[in-house]
Each structure stands twice: as structure tokens, then as C-alpha cells.
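Below sits a lone chain in C-alpha cells, taken as the form predicted alone.
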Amino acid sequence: MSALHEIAPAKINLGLTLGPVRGDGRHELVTVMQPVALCDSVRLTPAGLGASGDEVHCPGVTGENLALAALRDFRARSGWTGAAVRIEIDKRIPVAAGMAGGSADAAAVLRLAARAASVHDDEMLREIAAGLGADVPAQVRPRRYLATGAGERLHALPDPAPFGILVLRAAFGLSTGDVFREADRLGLPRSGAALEARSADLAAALAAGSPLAPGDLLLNDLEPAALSLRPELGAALEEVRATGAVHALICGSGPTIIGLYPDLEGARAAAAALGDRDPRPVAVEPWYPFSLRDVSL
């Protein structure tokens, strides 16, 4: 087996509408998932001599990596009995930043395993991905999606026209579970009917490849919960707005904040203006399927 390589782009949530809790304990939601050109690099090679099984090496990530679970589940579901492999992940997506870096890596491993096993069944890959986490199915074939359910039901949207994105990370993490529990405590979830209306409005607004939906559709219902747990995020949001962002919002459950600009140069100017922050902000643009511009900026 020769070495195989995949790019794993991060994703951001362009707004998020929160709905009621479903039977499996997850919340219904509506969001637009946008891959961005901040990417991990994932490589599959044969495991070394004496290896007892598949291995995943990912500096900076402790505990069992979701990528290893993806490989294990792929073998179980597909029946692939190929020799043990080694997965090496070069991390560029920030860890625990709400940008689905672990999900992106897991999805890239599913693509790599499918290539190694000569499996051509994206539906099976997405079913495996759904068992790994709500963000993983959209990363199996990264592109802009309107996501519903708990994030696993995907409607492909046209690729957007270019725009600029400022990624402002926090020096601390936020537990996704804690943010959803706080949202429930604050009574933030909307009705199922409200979710259906928001889904239709977003699909219509982005049907022609518009880079961004109108501002009233870019709201993140989880933002008040994240601010309740970490009020200091409010000051960071104001800093991003002061750079001239068209929109500024907490990405998903946070704590990462994103600023949206008409073009990449605007995002780069904002990153320079906030360059004394730690961690330093990053300016990126959308990642496009089959794009050669798939590297970290």
C-alpha cells in the first residue's frame, strides 16, 4: 500500500437556530456549515513492523482520537481486513475551538480508508460519520451545507462567492454540553415550526451562491448561553465589530468568534489590527471542493 493523503478543512457555522431536544438527547437545529481554508493534513501509510494494530499520531491531542474511532468503525462496517495502518495528522486547525477539527480529521480518515479499501459508497461513509458525531457527516465531502436534524441531515448549497473570515480564538475552552445546558436553562430553544421556517428562509437566501445570508438569519441562538458562561466574550465581539466586520458572532457553541468581511483583504486588515491578541487571530476564506487553495493562510 502506498501513502495516501487528504486535506481536512475546518468549518464554521454561519448562524445557528436552536430547536427542542429530541429523543436521543440531541437538540434539533438549523445551521449553515461552511468549510474554510484552515486545514489539517492527514496521511495514511502502512503501520510499522511489529505494530499491534492501527495507529493514529496527532501531536497536541490527548486521549483516543476521533480519527481512530473512525478507522475502527469503518473496518467494522465495511468488513475491510487490510493490514494495519498508521494515520499521521498535521494539526493546523485549533484544538477545542468549535471549528470541528476533530470531526474534519475523522472524516478525512474515512475517505482515506475508503480509498485504501477500494470502497465507493459515500452513503455508508456518512452513516458511519453520523455515529461519530453530528459535525462529521458534513465533513465526509466538505462543501457548504444547510444542516438540520442535529446537524446530520445535509442539503448541499451552491458554493459561495469569495468573502473574508476573521477567526478569533479564545485562550480558554467551552464545553459544548455546558453551552447547550445553559441554553436550555435560559429557555433559548425555539419551536419545530420556527426551525422549518428558518431552514426554508436560509435555503432561499443562499440558493444563488450568495456569500452570506441576511443579518437576521445569521444569528446564533447559542450565543447568549456562551456569553452567560463566559461574559468576557462580549468584549471580544465588540473588538471584532470595531474592525469593520459586516457581521460578528460566536461560532457554534464557541468560544471562537468569527468576523465576516466582503473580501479576504478586509479580514487580513482586521487580523493585523487585533494582532496583539493571544492567540493571534487568523484571516481565511471559504474552502471550495476540488480547490487547490486548500492550505492554511
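All values reported here derive from a predicted model rather than from experimental measurement. Numbers follow the displayed sequence, beginning with 1.
Below, we refer to the form predicted together with adenosine-5'-triphosphate, which is not included among the displayed structures.
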{"query": "Contact flag, residue 89 vs adenosine-5'-triphosphate in the model of the complex, heavy atom cut 4.5 Å", "finding": "yes"}
{"query": "is_contact(residue 207, adenosine-5'-triphosphate) in the model of the complex, heavy atom dist at most 4.5 Å", "finding": "no"}
{"query": "is_contact(residue 103, adenosine-5'-triphosphate) in the model of the complex, heavy atom dist at most 4.5 Å", "finding": "yes"}
{"query": "Residue contact check: residue 176 to adenosine-5'-triphosphate in the model of the complex, 4.5 Å heavy atom", "finding": "yes"}
{"query": "The single option of 99, 168, 112, 129 touching adenosine-5'-triphosphate in the model of the complex, heavy atom within 4.5 Å", "finding": "99"}
{"query": "One residue of 238, 232, 265, 64 in contact with adenosine-5'-triphosphate, assessed in the model of the complex (non-hydrogen atom, 4.5 angstroms)", "finding": "64"}
{"query": "Residue stretch of 22-30, 267-275, 238-246, 65-73 approaching adenosine-5'-triphosphate in the model of the complex, non-hydrogen atom distance within 4.5 Å", "finding": "65-73"}
